[in-house]
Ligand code: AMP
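A single chain comes next, written as structure tokens; it is the form predicted on its own.
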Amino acid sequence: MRKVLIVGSGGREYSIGYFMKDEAEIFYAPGNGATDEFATNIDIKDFEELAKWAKENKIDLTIVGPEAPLVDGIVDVFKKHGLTIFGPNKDAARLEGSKVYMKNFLKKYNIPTAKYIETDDMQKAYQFIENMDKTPIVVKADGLCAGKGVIIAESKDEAKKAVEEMLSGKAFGEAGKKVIVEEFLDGFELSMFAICDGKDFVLLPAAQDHKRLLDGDKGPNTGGMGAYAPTPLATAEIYEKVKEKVIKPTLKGMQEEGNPYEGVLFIGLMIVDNEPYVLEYNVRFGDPECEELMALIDTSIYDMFYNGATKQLDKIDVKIKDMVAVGVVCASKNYPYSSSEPAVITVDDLSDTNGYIAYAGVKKIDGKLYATGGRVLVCVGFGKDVKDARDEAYKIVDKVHFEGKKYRSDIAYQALKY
């Protein structure tokens, strides 16, 4: 049987392995307390050591889940050892690793995005803010901030304060020592994901994420409290515009930069008057969007990743199931403010539900599964439409029990308004 190594420990990585477990023997580095139910967890953090382990154990394909190892160059190390690995190399991963690099790339290759300034000069940032026509104003830290380095300031004073806190190092340390200030685009957001092999790509169904902690998109930003896919908000015309105006020029531009883009290209989009604008690029699947997308793929997931890693995407036809998946994140008591006490997880019989649970912040202690903080798990429901899938997801949420369980009750509300 083929062997696959998945780097990471969250719900995103869990779902990739969960839906590939019938196609390959799965290994995780490091995995979590639930991945060992269908896979083997390996505790090796050093990239060189992990590559040697992968070689010795004849791993056919490595898939990297989170952004940090990609930005730190894990792909370069594995390729040096002659291993097949899916993900962008260190230089290409700058599309997420540096928001300044990303914005300048968009400008250079005429890819639609918001008007902006990138600077490490507080006075220049203040001047740009003063000259802006309207609020809100978006302020972004340059480096990786685990999805939290974006401030939407409701006033010019608030925008200046965000700039001051970032550039002084108070807000995000080194990641904020350069900032982007940009206009706020008023439309609706979409997440789109393209599997890329440097030249060709496969565009997966558009998803919609829910970043805020509380119902009605209130409260602080989080890593994501739920998602659904496909979203009816993405029309055939929008898909076509994203392919022509965003993905194709991005792949061509990356080739011209000498860094062909291989891996998942996650495009955060704002749709304004039916036109797509790029808010940001990420160089990996979104979490929790991945948990829904993996469930929708109706062909070999192994082949999709393997062909992406070996420049053969033109040889496969990725088919999508005719259904909708809705995922609801169950987070720990103090998320996202502070860590929480471990809490034992119990799950009622799921035989009358249509979906699955993707585990993330969990640990096994004496054979029992514990919630260990952060986003603990994602309850994913399947259905013929958004309402059906959402009902199934919440049916699963009701069957999951741990102390302090926190979740939103309105996931997919945007789609149900239409």
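In case it trips you up, residue 1 is the first one in the sequence shown, and so on. Keep in mind it's a predicted model, so treat the numbers as computed, not measured.
One more form of this protein, predicted together with the ligand, exists but is not displayed; see below.
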item: Met294, Ala358 and Arg390 each touching the ligand in the model of the complex (heavy atom, 4.5 Å); value: no
item: Contact label in the model of the complex: Lys211 to the ligand, heavy atom within 4.5 Å; value: yes
item: The ligand contact in the model of the complex: Met323, any heavy atom under 4.5 Å; value: no
item: 4.5 angstroms heavy atom contact with the ligand in the model of the complex for Val242; value: no
item: Close approach of Tyr109 to the ligand in the model of the complex, 4.5 Å, heavy atom; value: no
item: The ligand: the contacting residue among Ala309, Ile195, Ala153, Met270 in the model of the complex [heavy atom, 4.5 Å]; value: Met270
item: Residue (of Asp303, Asp121, Glu183, Asp91) lying close to the ligand in the model of the complex, criterion heavy atoms within 4.5 Å; value: Glu183
item: Interface segment, criterion being heavy atoms within 4.5 Å of the ligand in the model of the complex, picked from 330-338, 77-85, 132-140, 162-170; value: 132-140
item: Contact set, 259-294 vs the ligand in the model of the complex - heavy atom within 4.5 angstroms; value: Met270, Leu279, Glu280
